[in-house]
Each structure stands twice: as C-alpha cells, then as structure tokens.
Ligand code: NAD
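In structure tokens, one chain follows: the form predicted alone.
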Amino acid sequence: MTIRIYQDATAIITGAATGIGKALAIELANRGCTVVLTDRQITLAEETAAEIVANNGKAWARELDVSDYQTFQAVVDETVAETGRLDYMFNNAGISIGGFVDDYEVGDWNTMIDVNLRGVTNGVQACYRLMVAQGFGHIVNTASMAGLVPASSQIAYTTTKFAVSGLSQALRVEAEMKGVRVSAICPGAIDTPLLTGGVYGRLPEGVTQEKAARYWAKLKPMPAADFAAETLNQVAKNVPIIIIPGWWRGMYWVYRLSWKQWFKSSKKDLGRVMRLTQRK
C-alpha cells in the first residue's frame, strides 16, 4: 500500500475545532479524505464534523487534550481500527500565552510546552511506528514563522515553535528512510482566533482583543480556508518546510543571511509591542 493524496485517505487533525485545524479538516474532506477532528472544544469539533457529513464527506470528532498521550494513542488506534490505515497526522493544536518573560509564571511555560511541544511529540509517538509498519504516512506538524525566525515579543511561543520546527526537520531524514514523510507548516499571519488570544491562550497584559486585531491587521492575515488549500497543495508535493503566505519567505531569508538586519527589525517590532502594552 502507498499513501493516498487525498482521495480515500485517512487523516487525524488536532486543534480542529477552530482556525487552521478546522479549515484543514474541511479542505481535506472536500478532497475525499476521511477526517478525524480532535480538540478539547469537542462541541465545536462535532459541529464541523456534522457539517462535513452533511456535505457528503466522511468525518467524526473525538475529545482530545494533546498533552494526554494515552488518549492520543487511543484515538489513533480507534481510527486505524475503523479505516484500516492512517495516511496523515496533522499535529496542529497550539496556543499562545503572550507577555514579556518577567510577566510569566512557571505554569505559563509548562502550559505552552505541554500543548505546543508535548502535543506534537505525543502525536509523533502515537502514529510513527504504525506508519513505519504500513510503509507510508505523512506527519505534518504546525510550527510557525516564529519557529524559523525568533519573535522577540513572543518568547515562550518562539521557544516551543523552534522545537517543533527542529523536530520536524530532523525526523524527516530518519522517516524518509522508512517510507514516512514529515513536513513542518510555518504560517505567517493567518486569520484565526490565535491572533486575539484564543480560548486557552492569553494576550499580553494591557492588550485587548481589539488592540491585537488592529496590530495584526497591518500584516493582512490570510483567510484560514485559503491557507488550508495552499498548505495541502504543498503537503501533496512533500515540501519539507511550508511557508504561507509566500511573502513571509523574505523574512526568513533576511534572518538567515543578515543577523544585523534581523536584530534591527526585531527591535523595532518589540518597540511597537511595548507601546501597545504601554510598557517602558
């Protein structure tokens, strides 16, 4: 057997209740994929699954806290028992707890690591041996541009997303030898609830949702549905690092080629955030 792209394939998506995860689920279903939507927000995930089924797609939802490995493994096992295969694992769940490092408590670091990093390692652990045994599969980890270019105003988020990016790039080499694909998605600004804090995240102290929306509006966030369509086109081509919207690649190359220019730009951005939070 070989991987299916995407007709008659099976995919699990974490963080599928809203934002990028929801958009990926709908687009995958539109392309003929059976989709398992997982999230802590189970009611919203079930609503999207029902919408997919109503449009003649195949989907169901399961409640999942990605930091809970045993439940994660149970979702994978159930999916394979039902469909006989797992073509795609989208480790997408993520949160952002904003603020400066002197605002954090140790619990903030732990929460970010549990969701953004441990949620990915649990997903890899739950599906990798299965995919190796199948001889096919594609693990797609949602990192961020903050996983390629340090975001000085989002240090905890940057920490976790650099780890996801590094994991994905390193695992790709090993996995390829065993017939398994690995890609990292590195979104720029995408129009999702994450930009204004999300349900489980937190904006920096002094930043309202309205202020955050105005800040991100300057970067013209891409609609999540458009992002999902472009992303799946790149996943189908087995692109290792998927940067969308494309113009964000310029920032990545500035960072790689000119530290001096990146530090200059980063300091300006940090200054804008400090003014937003009224910090000195």
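All residue numbers are counted from 1 along the displayed sequence. What you see is a predicted model, and the numbers here were worked out from it, not measured in a lab.
Not on display, but discussed next: the form predicted together with nicotinamide-adenine-dinucleotide (NAD).
Checking Val124, Leu86, Ile97, Leu194 against nicotinamide-adenine-dinucleotide (NAD) in the predicted bound form, a heavy atom within 4.5 Å turns up for just one residue: Leu194. A heavy atom within 4.5 Å of nicotinamide-adenine-dinucleotide (NAD) in the predicted bound form is found for exactly one of Leu203, Ile190, Val149, Val76: Ile190. None of the heavy atoms of Glu47 is located within 4.5 Å of nicotinamide-adenine-dinucleotide (NAD) in the predicted bound form. The closest heavy atom approach of Val66 to nicotinamide-adenine-dinucleotide (NAD) in the predicted bound form falls within 4.5 Å. For the chain shown alone, Tyr128 is not a contact residue for nicotinamide-adenine-dinucleotide (NAD) in the predicted bound form, no non-hydrogen atom being within 4.5 angstroms. In the predicted bound form, none of the heavy atoms of Phe162 sits within 4.5 Å of a heavy atom of nicotinamide-adenine-dinucleotide (NAD). Using a 4.5 Å heavy atom cutoff, none of Gln7, Val35 and Gly137 lies near nicotinamide-adenine-dinucleotide (NAD) in the predicted bound form. Just one listed stretch, out of 249 to 257, 35 to 43, 49 to 57, 233 to 241, contacts nicotinamide-adenine-dinucleotide (NAD) in the predicted bound form at the 4.5 Å heavy atom level, and that stretch is 35 to 43. Residues Gly15, Ala17, Thr18, Gly19, Ile20, Gly21 of 1 to 29 are found to place at least one heavy atom within 4.5 Å of nicotinamide-adenine-dinucleotide (NAD) in the predicted bound form.
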